[in-house]
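Two forms, one protein chain; structure tokens for each follow separately as structure 1 and structure 2.
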Structure 1
Amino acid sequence: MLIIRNCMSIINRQRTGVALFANGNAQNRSQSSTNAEVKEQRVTRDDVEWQNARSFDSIPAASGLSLIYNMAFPGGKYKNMDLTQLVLGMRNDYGEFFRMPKIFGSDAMVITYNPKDFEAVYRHEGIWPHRPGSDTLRYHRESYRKDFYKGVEGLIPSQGKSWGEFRSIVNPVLMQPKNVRLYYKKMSQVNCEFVERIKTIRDATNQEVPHNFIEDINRWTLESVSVVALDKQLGLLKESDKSDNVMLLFKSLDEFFTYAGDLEVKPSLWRYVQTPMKKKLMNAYDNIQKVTLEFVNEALVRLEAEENKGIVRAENEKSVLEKLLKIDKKVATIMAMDMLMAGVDTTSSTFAAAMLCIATNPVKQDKLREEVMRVLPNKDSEFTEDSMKNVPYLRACIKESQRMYPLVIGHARTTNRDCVLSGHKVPAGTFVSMMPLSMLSNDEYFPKASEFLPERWLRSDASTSKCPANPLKTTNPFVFLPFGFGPRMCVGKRIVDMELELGIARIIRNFKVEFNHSRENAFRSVLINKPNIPLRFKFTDLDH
């Protein structure tokens, strides 16, 4: 999710005319200090590739003023475009490789649509890749509520190493067999509640869920990520059981996405004055912080009570939250907040994409159900680690839907070494935005790209040399990176895998799913690609 912010902040600086004129605000300082640090650590290259490359200045440059006009002013050709349209429009106008000039205090930036460049950037990113995060969240933590955060940056606005620490804690916990079983059990409970909710909200005559089904999906994803972030179920999928705090958290997470999307993408004066939307966003951040802190305090009381009763878990059986609490309560709270903020709309959009693809491809759905029936013989069977190792078609369906409806429009890094991109010298410290978007639907990279073909992600049987390579396989792995790449790839991937695989399997085991409405413009790019049509799926109960 963060990645898109980075793409956005590139565009944003060009888009928000006023923002370009200012220098010296907290956000700009953070960004430039990162770039300065990178430049200081720079290892000078003197190899043949570097010597032969053309200069940075010879990279075709977009005119800053025309970009500002086109993005921000009435009549500008990019003015009313969503991000996907903007990115495709700019490629048409400026080509596959160009730079945004160093104007009005912003750093020079390079935008590339060339997959060889993606590979070069990732291959040179080292173990601590740089990528700026959310400006509004950083402002909340570094300025607005600095007394609370006291320098703990968290994951989302991370310039530093929080994500490395998080990954080193979370991934081992989610790999311990005992923990995996426990999380499977908890997530299965959430998924069974989701199935029951679908049965309750669907229309009794046509079996379709209401037009605002995305809200129910959001409830499900928040409930699922809370199992990890807060060691707690919130009760959002049931009619009773919801405390005021839970509803405040749900509402504030929704507001965060709406307002941050608006402020970080569209022209806004928020960096200089207290706009009404900035006030609302700061209020949403305050509420997320307050409720998360209360839930973390609750968890501490729970754990203390357990300890007093003599219940002691071995180190390798401790939950993600317990491990984070061992570092520090504040760190645990901030990391939990970030999991909640990064883990709802992202997973909901990806789930919606998968369901749209599965619902509109009945032959693939039948094939998927056959596989699911083997691991879940009954509607209420339990998932086991072994069963989840045997669902290649389910995984392929999810991957293929991420290709057809990608969550993000691109990826970004501030290079920490000199790179040669599209034959040009790009010095360390340059903000590079990589845009694979149009390639995901291009036959050159994905044979029969317009078709939903999960088979392209299945391994051909390599045990026999007679077996031909999969002809549908992508021709370039750097084009499709739904969770990013390298040390800085999505820290939530393991959690997402569990949520989506278990959730989709349970739904396909319970229902035949159809979608009998138009899918035109099914998604719209705001910070991420979000569903743009009513998700009126038809869920028909399976007989057995």
Structure 2
Amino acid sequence: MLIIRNCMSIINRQRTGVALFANGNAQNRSQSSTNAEVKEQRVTRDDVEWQNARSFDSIPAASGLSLIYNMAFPGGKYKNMDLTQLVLGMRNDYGEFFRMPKIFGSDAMVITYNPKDFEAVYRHEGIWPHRPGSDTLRYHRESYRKDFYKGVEGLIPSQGKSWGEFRSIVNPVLMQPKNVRLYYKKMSQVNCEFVERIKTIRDATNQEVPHNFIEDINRWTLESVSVVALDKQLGLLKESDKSDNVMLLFKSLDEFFTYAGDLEVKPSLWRYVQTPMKKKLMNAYDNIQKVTLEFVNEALVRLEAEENKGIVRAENEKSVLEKLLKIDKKVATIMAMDMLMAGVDTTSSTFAAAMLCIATNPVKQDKLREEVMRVLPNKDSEFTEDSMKNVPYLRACIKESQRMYPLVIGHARTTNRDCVLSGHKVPAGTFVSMMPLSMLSNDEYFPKASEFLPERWLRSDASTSKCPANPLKTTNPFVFLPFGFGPRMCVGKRIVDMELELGIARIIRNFKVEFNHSRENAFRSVLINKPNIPLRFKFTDLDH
């Protein structure tokens, strides 16, 4: 009863003097400043579409009290749902377009399942798009550990001008294809080690890898991102022992995605009091900071020693850290740390999804192998920039697996200007959550949506510059945006693409891959979708 009385007290305080877009809480100051910026540049609309649109207040609204009960209390309809189930359940209950009130300091929001709305929001997001979310990480860096970050919070939680300045520094290094391709050779070496590790850990009788194969996938992804970020192999695929630091990082990353998903999406008092889950999450953030900073500091010491010896390395030998050090040491350090933080579970989950699809569709796997063997005539052949330009089926397989097993449940933006969404006026400064999840498996948007069909992503005639009509392709491009859209799309997209393409190609060239177990509930939905079943793939050596 005490908990309920405390909740009611806070709800009542919110009801008095708090407008829909107001933010009195100190931890929401980023949202407040963004709304102020939007207000300054706001242009009043008076066009026909705006005049004919229904009012904002006429948007169907969910009850705050009902949501708190259903999400947070025993017996509540949504209490034991993961985030995917929650999103789909609320769509069934409230429809395709509705708004949610401010709850316990979280932002009020409009939720839409309409892809036409997605386009309207993205087309007018401005040069510094405001992406809601990451509130707990922002709190950790702006308040909890502000003495370390000192105003440089990195790309994930920052907004507005500070985000724009940080992004403008790292974009040339991370987003230009020519810079990413410099890491082919180093990434290829990691992939060869991954193949050898698979051979070592699989069962000699049935050729299946252990039930905890996700740990080995995490080792591969961390090793891969390390050679790009730090120009250092950590030896994770060669050593059988489990480094305390590495295992702490893996554990803390899992806690981050689990606890942050709960605190930021479901009703929680964490903005007001030190809840047990908030304490665990801050500890996880501290551990991630500790381990990633140790890796970065080791690289900094090595680079300083090389400089003192007069060692000058070629551009294709330099890490992201070394390149950014020339511009800003703090930005270089935080970016390298964030690459290690954000580049493990996300890539591991995407890789697992692709392998599940390829392993359970042998005809598609055979077709993929034919393409891969043109790139890698021998099992130990090296990748080249020219050969990797012509792997459309490999890229199509990865895209199709991202459709079937999406990494995230949706995307969010704060509107930069007045918009008309689903026939309603939505003012500038509104938090809009865009949920394409149900459309990814809907025949209306993806013909034969239940089937793994990489062909839907191919051109009918690859020799032409135009893309002929493909009857399998999506009817709306804004339904499928696995890396986001616009200026705020994932800064690591090109690195992840390279990591997945080279890794999957190397495995398919060496093994026939099978998965002979149930795929029911293959992923659990936290802040991202993570593997939820033992990934006991069967890897059978190819004869040639």
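Numbers follow structure 1, counted from its first residue as 1. Values in this document were obtained by computation on a predicted structure and should not be read as measured data. Each form is matched to the other, and the largest set of C-alpha atoms that superpose within 1.5 Å is called the rigid core.
In this pair, the copy labelled structure 2 belongs to the form predicted alone. Core-aligned CA deviation for residue 313 between structure 1 and structure 2: 2 Å or greater. Here residue 304 counts as shifted, since its C-alpha moves by at least 2 Å between structure 1 and structure 2 after the core is aligned. In the core-superposed comparison between structure 1 and structure 2, residue 281 has its Cα shifted by at least 2 Å. Once the core of the two forms is superposed, the Cα of residue 292 has moved 3.7 Å between structure 1 and structure 2.
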